[in-house]
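In the block that follows, a single chain appears as structure tokens, in the form predicted alone.
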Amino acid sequence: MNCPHAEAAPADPGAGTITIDPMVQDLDGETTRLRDAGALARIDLLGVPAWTVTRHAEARQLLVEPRLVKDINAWELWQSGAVTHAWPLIGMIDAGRSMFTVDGPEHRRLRTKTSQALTPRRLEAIRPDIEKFTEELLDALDAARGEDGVVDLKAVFAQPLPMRVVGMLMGVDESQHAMLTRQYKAFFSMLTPQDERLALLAELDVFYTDLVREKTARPTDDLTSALIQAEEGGEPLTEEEVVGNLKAMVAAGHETTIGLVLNAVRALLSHPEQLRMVLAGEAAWDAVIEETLRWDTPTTHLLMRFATEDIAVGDGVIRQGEGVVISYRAIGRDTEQHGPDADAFDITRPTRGRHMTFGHGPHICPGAALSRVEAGIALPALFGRFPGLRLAVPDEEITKLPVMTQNDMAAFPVLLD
């Protein structure tokens, strides 16, 4: 197999393997192919073979399966040297010590600390700040339209909003937000050379280590200080663990919300009758959010878990040492879970809330509630200010960024009225 991104390349994964397109040129087609391949599909990730689960029931099973672990040392391709740090996706798997990379008691310990810091009370307390940020960015959106009336909804509104929120939560100065946005965009992009990606990771480590040391010396009322000071649930977090949690939470916290907001706007603009229903109060914004999370997930493929022994899934078997990806977009369109019209966007769908877009079991996303709060404020405010909002280009001209894990648009040009 031609495998330019891995050394000592593994054997050809065989016929029937679906290659995940790093350029994301046909996400709907790829989603259909994955779903049609069965509950367990063989995939190729930049030359590296893996399994992916594409159905709701089987994903629910595997997400709580103790024989699937996050420890990269359980991956045969890593142990053998077939995959190294030259592989562009390695930074999403070998990402330092955090609640996203450990299992069992250690995961519970790290997650407990985060849960203590990201409480419903804290989320409710920052609601006025989110509303303020939203109004300021709507003003900026109005001011940013060009002579032709076109403005990029992503660049001016959907991207800066979650970065402002997560930055405020973490105690990151607003002057650093643009830098973090650029760093994470380059990290996720498949167009970034791997040596540059590894350098970015090192720079982020330095940034977050400096932040943690500053907050250790002079704690303030923010999530970083709360993580450092959290006392319940076992030993306090080490500096490395706080840095790992922050690095991953900022990435997940703002990327997920960007996708949720933009995908919801796109879905409503392409389904005007459903937009009319929600603007008339005949359907709730919560219904829009949950159906968007199911139908056009912010996360496409979540990397990666590893089998510590053979695991039967449907008619297939994940062998010990093999890697497993969770394909949330295919799972969200599972016809066995959501009916034969699962490919349709329908805010009245009875199963719209029965998705697993934020995960399931012990590794469920701790920022799920925050993302819902942000979207629940941003969407009605956006359409309340600009009820005539519409796309400035045909929908089919909206392109995806070359990112293999997030469902992210390059730009979202709109006319406000």
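The first residue of the shown sequence is 1; numbering continues from there. Just so we're clear, the structure is a prediction, and the values are computed from it rather than from any experiment.
The protein also exists as the form predicted in complex with a small molecule; that form is not presented, and the subsequent description refers to it.
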Could you work out which of 223, 268, 307, 302 is the residue within 4.5 angstroms of the small molecule in the model of the complex, going by heavy atoms? 302
Heavy atom within 4.5 Å of the small molecule in the model of the complex: which of 277, 74, 92, 325 fits that? Just give me the one. 92
In the model of the complex, do 134, 285 and 386 all reach within 4.5 Å of the small molecule through at least one heavy atom apiece? no
Residue 313, heavy atom within 4.5 angstroms of the small molecule in the model of the complex: no
Quick check on residue 247: any heavy atom within 4.5 Å of the small molecule in the model of the complex? yes
Would you please decide whether residue 78 lies within 4.5 angstroms of the small molecule in the model of the complex, comparing each non-hydrogen atom pair? no
Wondering, does residue 87 line up within 4.5 Å of the small molecule in the model of the complex on heavy atoms? no
In the model of the complex, which of 148-156, 104-112, 259-267, 180-188 comes within 4.5 Å of the small molecule (heavy atoms)? 180-188
